[in-house]
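Given next, in structure tokens, is a single chain: the form predicted on its own.
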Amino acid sequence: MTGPRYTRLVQSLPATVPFVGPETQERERGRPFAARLGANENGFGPSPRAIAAMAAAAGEVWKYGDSVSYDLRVALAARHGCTPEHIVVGEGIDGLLGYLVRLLIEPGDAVVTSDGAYPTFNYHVAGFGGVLHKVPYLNDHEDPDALLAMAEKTGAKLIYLANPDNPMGTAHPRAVIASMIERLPEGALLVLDEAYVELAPDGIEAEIAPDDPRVIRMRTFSKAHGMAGARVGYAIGARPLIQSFDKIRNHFGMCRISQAGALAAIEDRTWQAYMRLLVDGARKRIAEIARENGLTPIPSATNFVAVDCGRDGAFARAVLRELTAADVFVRMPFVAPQDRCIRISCGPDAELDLLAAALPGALARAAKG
């Protein structure tokens, strides 16, 4: 009796999950977290209008969702000053990254990213046989010059850059992104991940013509809109590239309930403005808690704050373990020297109070260990 005959590529890959979710950790620990501050979720939640729209749509969940997400794309196009043909909607940025890599990367093709940047992108590249070439961060920022130099050297098809960045929360001004685009090597596509840009200060969001064939921009409803569990992402790009997604995407991958919630969320401008205030307040509170404990918060343009623990990665991992033992879920960057930090998501005051109470003891125990 034989089993499945896996491809040689799949046989060469490890069985891995880029992020171990808090639910998995809770099952392993045998109890829930008291504060969920590690997954860059928006703990303040979605617009009440989005919640109402999703509740209303639940009664029609027997229907498939609109296979082209037409109403949502029309609303997004109006927001971004483009046409619906410039936008594709998919199962979060993660899903769209997978489709993009499938469209463009064959075994052996070069792809450039930063060492320690968003690992799910790397996961997709490996899954389609691409060859990752990584450059280090520079002063806790992704380094556009180094990314471009590596792309020129390797003939990369894709260059990945998140602005604002995950996991450090730092951001480049829009002029830096504009300069990077003008210097892209011929044939390279910039994958500009803007998951957090709605929460960034003015001057960060890039100004890019929708038909520019050198760039594809990734956006999400998971962060500023507080809908991570709904899995709604979208990409903005030149029409020929966006149309190509129809060749390989899951045409009924978008849940009808999620589509309704996202449409209501983007129309609720008041909640979006309120959310910016809430996140800004939480960033300031996290920074204050860090400084009270002798730690250094890194200025953030996202809904999380990377906190420099002042020593090496081993110490930061010890702090993370101690916070986990105290029922506070946080995460940390994976690669040195950024792994000297822990990464704390913005959330309601009650959860930040638990962080403030747990952090001094966690630091003390980590130092003894």
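Keep in mind that this is a model prediction, so the values were computed, not measured. In case it trips you up, residue 1 is the first one in the sequence shown, and so on.
Missing here is the form predicted in complex with a further copy of the same chain; even so, the following discussion is about that form.
- With the partner omitted from this view, the residue of Cys82, Val176, Cys255, Val131 that lies near a further copy of the same chain in the predicted complex is Cys255 [heavy atom within 4.5 Å].
- Proximity to a further copy of the same chain in the predicted complex, taken as a non-hydrogen atom within 4.5 angstroms, holds for one residue of Leu263, Ala200, Leu147, Leu189, which is Leu189.
- Residue contact with a further copy of the same chain in the predicted complex: Pro337 places no heavy atom within 4.5 Å of it.
- In the predicted complex, a further copy of the same chain lies within 4.5 Å of some heavy atom of Gly45.
- Residue contact check for Gly59: one or more of its heavy atoms lie within 4.5 Å of a further copy of the same chain in the predicted complex.
- Taking the partner from the other structure, a further copy of the same chain in the predicted complex has no heavy atom within 4.5 Å of any heavy atom of Arg29.
- When contacts are defined as a non-hydrogen atom within 4.5 Å, all of Ala15, Ile51 and Ser67 contact a further copy of the same chain in the predicted complex.
- You can rule out all but one of 279-287, 133-141, 218-226, 264-272: in the predicted complex, only 218-226 has residues with a heavy atom within 4.5 Å of a further copy of the same chain.
- Residues from 220-248 that approach a further copy of the same chain in the predicted complex with a non-hydrogen atom closer than or equal to 4.5 Å are Ser222, Lys223, Gly226, Met227, Ala228, Gly229, Ala230, Arg231, Pro240, Leu241, Ser244, Asp246, Lys247, Ile248, in the order they occur in the chain.
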